[in-house]
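Okay, so here's just one chain, in structure tokens, the form predicted on its own.
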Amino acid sequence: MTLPYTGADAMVHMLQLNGVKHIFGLCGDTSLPFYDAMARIDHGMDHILTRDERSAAYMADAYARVTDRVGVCEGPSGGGATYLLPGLVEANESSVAVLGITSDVSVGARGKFPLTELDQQALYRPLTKWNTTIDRVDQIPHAVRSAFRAMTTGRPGAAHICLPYDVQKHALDEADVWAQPGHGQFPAYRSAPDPAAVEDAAQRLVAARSPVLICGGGVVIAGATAELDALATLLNAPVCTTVSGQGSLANTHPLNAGVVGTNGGVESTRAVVAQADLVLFIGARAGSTTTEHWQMPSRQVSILHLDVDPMTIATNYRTDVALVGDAKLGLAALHAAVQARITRRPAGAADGVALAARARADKQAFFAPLAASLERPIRPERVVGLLNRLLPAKAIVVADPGTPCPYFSAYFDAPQAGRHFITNRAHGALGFSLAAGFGAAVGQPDSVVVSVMGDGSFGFTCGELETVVRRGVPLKMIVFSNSVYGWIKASQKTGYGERYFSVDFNRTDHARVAEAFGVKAWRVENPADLESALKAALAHDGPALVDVISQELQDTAVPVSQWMG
């Protein structure tokens, strides 16, 4: 006799039918039926037990970024639901499809002060793209289908499902459990811009003396790197990227001028934007970091904007042509329209290759002596320079938003286009890199994944070293050890007269901590020893950590415009 599906069975099968292969999460009392269903059912999914729900969400985020598949994380009611939230917020604002499932108290217990009760739907409503609380077992299949459709169509984002304890035990008809093909990956249901807008934009691009393309994360998410290459090459237009847009073109591409903005931008890349008479934003929100607080490009420059989300267009700049649609389809359409007009380009148009080459050369001239420096404490540039030389092709670097982010944004060189650099630029929470690096390594097991973090972030997340070891994931980790919340201290130096307050802490021996978890580790104080330590870590066949005694951020030549003279 075949037993009817329970609600927990239905949830497991709905995830399976949507192509889920990995689930990151942490157990709790209200999740017991769901865990039991995962134990009983032959579903082919790998559940990865984490040590913190925040980590589970960050793992699912990076996993989704490197696989283009929906990342799934789960946690229990109460504190678990609150801990899962930061990762879903980051994923949603970064246009990454992540599903968070939180169990909850029984429907019948609501309002009776049961342990861990909170209004999860109200908590998640403003911070996810789609969100629901299940009240009846027959709602589960439709809720999961709705969540996957919401996460993967239009602008991708995060979704949340609250699954009460008693509903997980109720029975439902097996026939209701089905999934819509195509919603397990993103972007789904691509849309193209209005052809009339494409023609208008193409005419303006061809007429411009010096067009510049500024690419955000939407280009990589859409898989539009080849289409971008084709359009930029046809126009001979330099390409700049946001922090999240790295990988839109290979760093070695002759038209790639580098990252612009307050975090990772340098004078030479600012000069590329400053000389433009037209800027095309592609999959970018033109936010404060990218545009130097809306000063670059200037208000006098003609603006075109291609984005899947119409609400990002004309938010910060008066826009001459709005192109609402997927970056891949939009760039392909623009290329065809420009190709038909390219012979009408004005004489004396700027040479994009020369502009980009000058920007890269000037940046390298500043960077090279810092990367070669034998000063103590170790300069962060030395770490980046060595990794540029030592990392294999298709390596993935995951950086926390503190000390590592500006250095890797400005100077990390991935030799190919695509997702090879990840950082949490939407909300910038510390503790992202280690967990996200683990998720990226699970999603791309054939790639070398390097997690770079400050010691502040290490303190947030070091418990996940046990997860890394237990699962045997060969994640490589680098800690910039400078005993300070560096970003805040640097801001106190430049904006508050060096009145340093409550930003310094004691140094931890991160290598010894890692070794206690079973991670092979090195501690490096002498810059002359750094290369051999990094080589050994990369060659090690398991997880490895290099603890680098580095400069405090406020004393470095960090590429953050507000701190540079």
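For clarity, every value in this text was computed on a predicted model and none was experimentally measured. We number the residues from 1 along the sequence you see.
Just so it is clear, the following notes concern the form predicted together with a small molecule, a form of the same protein that is not shown.
Residue-level contacts in the predicted bound form: of Leu553, Val548, Leu15, Ile23, one residue has a heavy atom within 4.5 Å of the small molecule, and it is Leu553. Listed residues Gly456, Gly80, Pro297, Pro193 were compared with the small molecule in the predicted bound form; Gly456 is the one with a heavy atom within 4.5 Å.
Residue contact check for Ile488: one or more of its heavy atoms lie within 4.5 Å of the small molecule in the predicted bound form.
Heavy atoms of Gly402 reach within 4.5 Å of the small molecule in the predicted bound form, making it an interface residue. Remark: Tyr500 does not count among the residues lining the small molecule in the predicted bound form, judged by a heavy atom distance of 4.5 Å or less. In the predicted bound form, the small molecule lies within 4.5 Å of some heavy atom of Gly428.
Only one segment in the set 287-295, 254-262, 478-486, 167-175 has residues whose heavy atoms sit within 4.5 Å of the small molecule in the predicted bound form; it is 478-486.
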